[in-house]
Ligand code: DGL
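Next comes just one chain, in structure tokens: the form predicted on its own.
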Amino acid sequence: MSTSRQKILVFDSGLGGLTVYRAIRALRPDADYLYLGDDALFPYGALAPDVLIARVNTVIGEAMGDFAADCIVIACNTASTLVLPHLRARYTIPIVGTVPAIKPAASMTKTGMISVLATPGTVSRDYTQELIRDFAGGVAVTLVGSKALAGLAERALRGETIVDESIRAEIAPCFVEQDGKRTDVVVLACTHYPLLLVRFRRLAPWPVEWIDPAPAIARRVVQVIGESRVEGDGACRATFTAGVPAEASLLDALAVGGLRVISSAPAADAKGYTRG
């Protein structure tokens, strides 16, 4: 067994990637981790595509100068649908992305009705339409692009009180009844959304299967970089482009995941970036 620890960089626009980080670390606790949250420009769905691509390349490129990762995980659907080809052309290491789990949802549904709960950016991408065409033939797919839900998840994790009605209103379009059938599978196509999964289940008008992408992403990481290499837990650090978070609830959540917060990430200056 090798004595060197592999390094895994987990990147997201904010806090949603924590759901993915936790799933990966559960399978590879021996690796060293850097969780990189570009919260200075959150939410990514408001960025023009060319701006988003440039931003992700810049932030990850500068982070890689200090943390030479063996694998980069883009724990963000909005970024993955645009930036994966650019990163894979730039780096020779494995790049694992996050895309809507439409294929497993289509195979899982019993009623033939699924919903994809995503950000407006993910809903509008050609890539999402291609997944539906390739893997969901004969299945009725409802695309729901929520403008508010990722922000609600961020605020909840930072300790703010989010009333049930705010969440219920965002998930309500996922639940469709037609010809005596109902939606029975909902794809969580934003890594922020599993942060609210307990409340989704409680507020849903009827029971459905909720697909959290994190376990599948974690399995893919292990598939491309292999099993544990050394004994003992690796070092786990988190950094955010908007600065070190001050909220006690968020710091507690990061600590539960074994993450130690370090100073702001490179490319923290969000000036000059325009919203689409």
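Heads up: residue numbers just count along the shown sequence, starting at 1. What you see is a predicted model, and the numbers here were worked out from it, not measured in a lab.
One more form of this protein, predicted together with this ligand, exists but is not displayed; see below.
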* Asked: Would P43 show up as a contact with this ligand in the predicted bound form if we use heavy atoms at 4.5 Å?
  -> yes
* To do: Mark T122 yes when one of its heavy atoms lies within 4.5 Å of a heavy atom of this ligand in the predicted bound form, and no otherwise.
  => yes
* Residue contact check: V187 to this ligand in the predicted bound form, 4.5 Å heavy atom -> no
* Look up in the predicted bound form whether A150 has a non-hydrogen atom within 4.5 angstroms of this ligand, and give yes or no. => yes
* Asked: Which of 228 to 236, 43 to 51, 23 to 31, 241 to 249 has heavy atoms within 4.5 Å of this ligand in the predicted bound form?
  -> 43 to 51
